[in-house]
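A single chain comes next, written as structure tokens; it is the form predicted on its own.
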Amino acid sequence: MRYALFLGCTIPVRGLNYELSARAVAAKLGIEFVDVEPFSCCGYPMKSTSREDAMAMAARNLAVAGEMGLDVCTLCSACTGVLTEAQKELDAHPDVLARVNGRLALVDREYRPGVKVKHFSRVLYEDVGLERLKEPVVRDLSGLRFAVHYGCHYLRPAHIYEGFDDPEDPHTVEELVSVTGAKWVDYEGKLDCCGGAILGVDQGIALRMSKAKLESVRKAGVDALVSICPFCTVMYEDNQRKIEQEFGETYGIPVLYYPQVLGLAYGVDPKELGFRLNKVKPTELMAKLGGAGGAE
């Protein structure tokens, strides 16, 4: 399996542990990530201002991957949504394709229909499969309990994801967690938004939205919150101390990317999984695993 790895804008700056752990897990599973230097922003920040500009930015990235004969693997849920929406619309509407390619011609690019986009978690679930994912497991995580956060863009809008999972009652990430032997715990507000979409408009409301999720996760009594989106992680982990200071609370809830959890089960050194970059250190969690080394 070969994919053009689309990192987007947030991961290289604020989610390097996501990239490191995804690369480590992919290597264990024989997934080849191809780094594509011409990739740029997916277009998401422009979507609310100019749909045409966002479409053109997404199409340019799809064109780059298409020129290399590769499908795209994304790590960011927002990037996944924008690129997938663009791919679906361009492939289905020749008039839109012609108009967008007219813009792409200005930068010597052309999008030709057929490029597919998949989030890494979906690649693991569908293309690798749960049984194959279990094979490299060497470390027992059965003593760990996790809460899963899906976020808004991983399964929505539902029509672009071909019925991959039920956006109102999803299960795929919980199944991915179960592969590691760890337990997943249901909790109130599991499908609630992190608040990241309005952080730049009203920080107070955004932080209150994140706080509500942290409250529910704390009540669930888990070892960590598992995320599959870098900006959701920014809200729950990077801003966790700010939320604690703002509201006089103490949470100390680690937020792990799913590939970090899978990598632990595979026996990968936590240093390779980027645990040193986690803002909320999973000290108690690692102690349950006998230290595992390299997480501080």
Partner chain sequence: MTIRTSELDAGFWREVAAELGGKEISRCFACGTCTAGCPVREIDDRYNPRKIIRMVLLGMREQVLSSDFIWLCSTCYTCYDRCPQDVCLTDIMAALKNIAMREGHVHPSFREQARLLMAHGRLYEVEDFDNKKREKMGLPPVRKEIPEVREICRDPVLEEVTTG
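This structure is a prediction, so every number in the text was calculated from the model and none was measured. Positions refer to the first chain, counted from 1.
Keep in mind the form predicted in complex with the partner chain is missing from the figure; the text below concerns it.
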For this session: Could you check which residue among 145, 218, 88, 109 gets a heavy atom within 4.5 Å of the partner chain in the predicted bound form?
Result: 109
For this session: Could you check which residue among 92, 98, 205, 130 gets a heavy atom within 4.5 Å of the partner chain in the predicted bound form?
Result: 205
Exercise. Where, among 110-118, 147-155, 177-185, 218-226, do residues come within 4.5 Å of the partner chain in the predicted bound form by heavy atom distance?
Worked result: 147-155
For this session: Answer yes if any heavy atom of residue 7 is within 4.5 Å of a heavy atom of the partner chain in the predicted bound form; otherwise answer no.
Result: yes
Exercise. Would residue 31 show up as a contact with the partner chain in the predicted bound form if we use heavy atoms at 4.5 Å?
Worked result: no
Exercise. Counting only non-hydrogen atoms and a 4.5 angstroms cut-off, does residue 16 reach the partner chain in the predicted bound form?
Worked result: yes
For this session: Flag residue 41 as yes or no: does it have a non-hydrogen atom within 4.5 angstroms of any non-hydrogen atom of the partner chain in the predicted bound form?
Result: yes
Exercise. Who in 190-204 is close to the partner chain in the predicted bound form, meaning a heavy atom within 4.5 Å?
Worked result: 193, 197, 198, 200, 201, 202
